[in-house]
Structures are given as C-alpha cells and as structure tokens.
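Next up is one chain by itself, shown in structure tokens, the form predicted alone.
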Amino acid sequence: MTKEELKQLLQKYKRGTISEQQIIEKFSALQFESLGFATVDHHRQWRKGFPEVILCERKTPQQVAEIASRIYKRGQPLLATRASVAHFNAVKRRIRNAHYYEFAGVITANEPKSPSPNRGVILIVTAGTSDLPVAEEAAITARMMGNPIEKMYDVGVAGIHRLLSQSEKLIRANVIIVVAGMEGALPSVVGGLVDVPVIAVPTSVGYGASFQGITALLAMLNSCASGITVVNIDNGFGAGFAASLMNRT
C-alpha cells in the first residue's frame, strides 16, 4: 500500500463506505505474509521507503517466482538480485511484464516511469569494464528507487586522464558510487576531488594477490580521502540502496 492508497482508504472511511473492521483487516495484511518457506515483509516499504528485495541466490526458481508474485500483486516495485535465467523464466510465467537484466543478474517489474522529483543525480563510476556487472546492479537498484542515474565507465587509475576529462559529471552528481577491483584505488581519487558522498564498492576482479576482492576492500577501508563509505565485496545492490537513502536528503 502506497501513501496515496492510504489517503484514499481514510477518505472512504470518512465517507462511511468502508468499516473500521475492514481497515483493521487491511492494515493487518500489510505487515507480512507467510509462504511456509519465506515470510514476505510487506511493511518494509513503509519503514524503508522501498519494498523487500529478493536475493535469488540459493533459492529455487519456484520460490523466487512465488515471492515475486506476492510483491507484484500489491503494486510494489519488484527487484530481485543475483538471478539466473532459470529464476527469470519462472518469474516471467507469473509476471508477464517482468524484465531481466542478464548482465547484472537482476529481475525487475513495476519499474518507475521517471525519477522522483527533486532528486539529485547518482553517478556510477567504474575502474574497468570487468567491474560492470556490479556497477549495473547498483545502477538498476538506484533507478528502481526513483533516482536519476548517470554513468562513467572504465576510467581507472591506469589512465587517470579518462576520469579527469569528464569532471563535469563528477561536479554534477549528488552521490557517487565508485566500483573497482584490483588495487581498489579509484574511490580515493574520486573522494579527493568532490564534496559529495562517495560509496566505494570493491569487486572480486583481479589476479591472485587481489584475494577475490579483499585487497580492494582493505584499500578502500584505509582510504586517506575523507568521508568514503565502503560496502561489501561485489555488493552493488547495497551501494545503490545506500546512495538512494543519501540522495533523499
């Protein structure tokens, strides 16, 4: 239930076209729904401003499809991450307008038609092309939450002129997500150039001593650039969600 739907419900009660008991039943149904294998948190949109997001990893296609259909039926934006083609096929049978972003492993439905008004731009920056799947997960998440998105891809420190040549995008952004693997240096560079929040996302890209992203993670946590927020390895979703919360203010 959206805030607009709540207003309509209260107006019906004032007009006497809906009873107090019916309102109680509707609010009781808002909280959660047990499916046996999952408990869908329908109240999350009220608490967090966005409904429950499905992590498809280690869930069967049938489980994902069932959870997705319960969220979709309430008219809420649907976002499912770490999704395979099998997950999408099962969801598509239940939700005809579901969309699959295979490169990012993300399923969506009820996408916003346009960004929310008065939101600043969230800029997604990557060090290399190999970081794109994580960056796209972040971009889709932020866009689903109603934010305007811009992208600046493959501008890592191995050729820093590529970043500096697009400085107008850095200046225009309200929040910046920087995605990097290998030595994880790019967020420190960006953080030293701008006066807005920077969210660093380490990726598991790199050779042996990168330790599947641990090297980049530690570099970002030890950044000398002030005010950088760091999320977990390959956590594009977490970065997109955090950026959206920051962008509301």
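The first residue of the sequence shown is number 1, and the count goes up from there. What you see is a predicted model; the values in this text were computed from it and never measured.
Keep in mind that the form predicted together with another copy of the chain is not shown, yet the notes after this line are about it.
Engineer: Can you tell me if Val85 lies within 4.5 angstroms of another copy of the chain in the model of the complex, counting non-hydrogen atoms only?
Structural biologist: It does not: once another copy of the chain is placed as it appears in the model of the complex, Val85 has no heavy atom within 4.5 Å of it.
Engineer: Considering only heavy atoms, tell me if Met144 and another copy of the chain come within 4.5 Å of each other in the model of the complex.
Structural biologist: Met144: no, not in contact with another copy of the chain in the model of the complex.
Engineer: Is there any non-hydrogen atom of Val157 lying within 4.5 Å of another copy of the chain in the model of the complex?
Structural biologist: Yes, Val157 sits close enough to another copy of the chain in the model of the complex that at least one of its heavy atoms falls within 4.5 Å.
Engineer: Can Thr17 be called a contact residue for another copy of the chain in the model of the complex at 4.5 Å between heavy atoms?
Structural biologist: Contact check for Thr17: no, nothing within 4.5 Å of another copy of the chain in the model of the complex.
Engineer: Since the chain is shown here on its own, which stretch among 146-154, 71-79, 108-116, 88-96 would lie within 4.5 Å of another copy of the chain in the model of the complex, judged by heavy atoms?
Structural biologist: The contacting stretch here is 146-154.
Engineer: Heavy atom within 4.5 Å of another copy of the chain in the model of the complex: which residues of 119-133 meet that condition, in order?
Structural biologist: Read in sequence order, the residues that approach another copy of the chain (within 4.5 Å, in the model of the complex) are Thr129, Ser130, Leu132.
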